[in-house]
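Next up, structure tokens for two forms of one chain, structure 1 and then structure 2.
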Structure 1
Amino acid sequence: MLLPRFTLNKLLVRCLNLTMAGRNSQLTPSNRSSSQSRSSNSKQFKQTCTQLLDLPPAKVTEWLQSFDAVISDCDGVLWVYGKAIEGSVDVMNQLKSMGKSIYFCTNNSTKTRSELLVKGVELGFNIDQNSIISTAHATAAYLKQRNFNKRVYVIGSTGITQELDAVGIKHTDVGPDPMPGSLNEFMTQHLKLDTDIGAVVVGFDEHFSFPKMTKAATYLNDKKCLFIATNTDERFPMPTHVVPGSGSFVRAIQTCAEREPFIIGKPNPAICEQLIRANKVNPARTLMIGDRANTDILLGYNCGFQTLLVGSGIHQLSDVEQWKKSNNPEDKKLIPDVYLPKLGDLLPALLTDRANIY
């Protein structure tokens, strides 16, 4: 009886994992030389948007051996609205079982690292909290490093406030702040400003409102007040409509306040600076996976990572074709090294590579 391909893949995954049990691999001098050679070979794909599915198996194997660490975006790459994208769990777990360092890096500020860990584990990913990079956590860490001792006006969610609480930074509450009536009524009767605000932090806020924008811009009128954006993702397309992203709220406040924000998340390379500084990743041998070119792929470009664009989220091959034709050098930075329709499409190549090794 013939088994479906996904069933065969699952069985092979289990068999290979059993084969690997108890084995530890070490690099010999000759292996190191070979590793360096493979890293050099990976440059042939630099900003070409090569379709991995069109490459012969030997070339895909060569590419797989060109990186030791993987940093992956979450929404649109690993999962969508709480559901794992087909094959993503197996691919990430296989990469980890092959000895590659795995990190999740998300611009989503609505959850703490511990909440993201719970979500990832429930979906089946083999991940730990220290391997999760989130903008909510990074925002709190940034303020803590600056010895910030005032209060934060937060436009966002509990993901941000809980991370601020964890490092002892005071903040305003989050939630609805609706317009109570006319502009005159709001300004004369309801607008109340705190006097100890030293920073405005803007993330995703489903309760974004005119009063919040007014307060944020007013606080930012003081040039000493920090203006921090968790990220600038513009929107989240859905099958029948579009959901505004954090970047929409950031841009509104940026326009009103006439201030430029410090952006915590992707594509700012600062979000991966600690990994690089601690020698946890070698940029030349690190793969950045994403679905959004102006955050994920651009982060890879800014950090000197290899890049893989997947078509399961925001940007598609048609977008890449436009950037290739563009005369704007900024557009060229958005072109990934390689492309897959979805991350799960890499599973057959991973299984073949593992079978050849073991």
Structure 2
Amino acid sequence: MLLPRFTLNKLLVRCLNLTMAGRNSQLTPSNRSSSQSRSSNSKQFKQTCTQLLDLPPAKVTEWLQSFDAVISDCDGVLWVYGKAIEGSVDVMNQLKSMGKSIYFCTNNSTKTRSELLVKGVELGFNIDQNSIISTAHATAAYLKQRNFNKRVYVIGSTGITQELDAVGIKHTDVGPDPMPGSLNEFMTQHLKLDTDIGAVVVGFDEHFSFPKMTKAATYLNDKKCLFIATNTDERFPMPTHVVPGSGSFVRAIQTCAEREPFIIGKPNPAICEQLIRANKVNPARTLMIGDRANTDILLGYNCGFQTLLVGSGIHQLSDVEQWKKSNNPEDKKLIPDVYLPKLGDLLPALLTDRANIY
């Protein structure tokens, strides 16, 4: 007999409180020392790509209790393009009601945090703005933290410029910048360079063009000018087509600028820097969920998180097999702790988990 979800949640929280004798009722990171014995359980799956669906329920329950925070990628894990992936909403909301802190972490720089929040809420996810970690927001925060007071040349979208506006950082406009005429006309009449550019930020830009490349290469010739990439995913996640992502635009710019960018997004741990520093998450008791190993799982590795790979996006079990066979130590970092075909597959275990509490 299934109780109404609301009642179930309350009972579950009470049961969790009772079963954890001698501990505070909240599994907060401040209980780090008392949770050490629990976090040792999480090491048993370390980089083994254990298939959760093959484990007995008791083991899954144990695994569920080994983390207090969940950081999940969005495209390919929670949703694809405009639609939620089956079961993702229920799983994330259940994890939240179990008392876990939930964060959405996306490399997609085309939306502001509030736009991502609207999208998530519309799809049914129980989140607030502080749950969202996005590269556009993190880029603005990165510059603000370093007291950046010049102008940013942006190759990207309004997702980035609006976040810069929100922290009071000046920037150039985004949108189309096509060749106005012949190359000679462009160079002699139209090419106008700003004198106060202190950073070039490159993200996803469907209006990428030769004039933009010329401006970026010229600005970046000044070593003092910062070069920031929101992310380096070479392909934009799209179910049916291979299309260029931010990483392709970044590669073009880094080639003509002859410089490497500072990469804000996954797998650079900088994107979770604030969360960890502010003690909002305890890395050993944080689960990173993703579909792309060289961004999501690698971020997990870099931050000391536990990792779950889902097969509903970019990488599959067959890819993990390759990395297991590989001699390259870098490939080992891509192997997740555990695996599920899709996030929604966790739902039966979550509901069983509750039933077993009785």
Partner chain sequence: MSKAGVVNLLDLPPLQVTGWLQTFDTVISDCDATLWHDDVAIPGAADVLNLLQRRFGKRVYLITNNGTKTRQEIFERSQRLGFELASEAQIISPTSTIVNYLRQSDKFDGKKQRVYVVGNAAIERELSGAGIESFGAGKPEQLDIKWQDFVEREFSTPTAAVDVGAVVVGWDEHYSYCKMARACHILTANPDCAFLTTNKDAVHKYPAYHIPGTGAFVAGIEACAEREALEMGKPNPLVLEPLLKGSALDVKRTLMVGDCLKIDVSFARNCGMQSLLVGTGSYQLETLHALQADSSASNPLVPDVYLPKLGDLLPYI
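Just so we're on the same page, residue numbers count up from 1 along structure 1's sequence. Since this is a predicted model, take the numbers as computed values, not measurements. Rigid core: the largest C-alpha set superposing within 1.5 Å between the two forms.
**Student:** Of structures 1 and 2, which is the form predicted alone?
**Tutor:** It is the first structure (the form predicted alone) rather than the second.
**Student:** Would Met179 count as moving between the two structures, using a Cα shift of 2 angstroms or more after superposing the core as the test?
**Tutor:** Where the cores coincide, Met179 still shows a C-alpha shift between the two structures that is 2 Å or more.
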